[in-house]
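Just one chain is shown here, as structure tokens, and it is the form predicted alone.
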């Protein structure tokens, strides 16, 4: 860690969002947030905090300021255009019993 990063107080460290993949082949899931001086420290802290029992195979960290989200209050207008495209909603298909969790 460089000297300038060591001089930053913990209150000034950026916030990082942590995503953990619990097993190979599964999606990364949001595990929580933490403060760290840089990406390496964020990964190491995420490992220590969110995978204490060896439950992860991969860790992603993303500085929170780089995550942009839609406004939940505007969800109706955001998703409204999809309502007139029924082919995007496969509710009229019959699934065989062998297909689970769909």
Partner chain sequence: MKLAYTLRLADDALIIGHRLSEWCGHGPILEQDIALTNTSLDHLGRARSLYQYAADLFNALPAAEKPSVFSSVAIQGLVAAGTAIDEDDVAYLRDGWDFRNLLLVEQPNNDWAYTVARSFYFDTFNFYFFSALQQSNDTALAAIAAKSLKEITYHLRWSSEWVIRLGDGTEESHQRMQQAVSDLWMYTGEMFVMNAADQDAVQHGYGVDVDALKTLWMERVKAVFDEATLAMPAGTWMQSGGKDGKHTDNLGYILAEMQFMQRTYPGMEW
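In this text, all values refer to a predicted model and were calculated from it rather than measured experimentally. Positions refer to the first chain, counted from 1.
Same protein, other form: the form predicted in complex with the partner chain, not shown, and the subject of what follows.
- The single contact residue among 62, 49, 57, 26, judged by any heavy atom lying within 4.5 Å of the partner chain in the model of the complex, is 49.
- By the 4.5 Å heavy atom rule, the three marked residues 34, 38 and 45 all count as contacting the partner chain in the model of the complex.
- Heavy atoms of residue 19 never reach within 4.5 Å of the partner chain in the model of the complex, leaving it off the interface.
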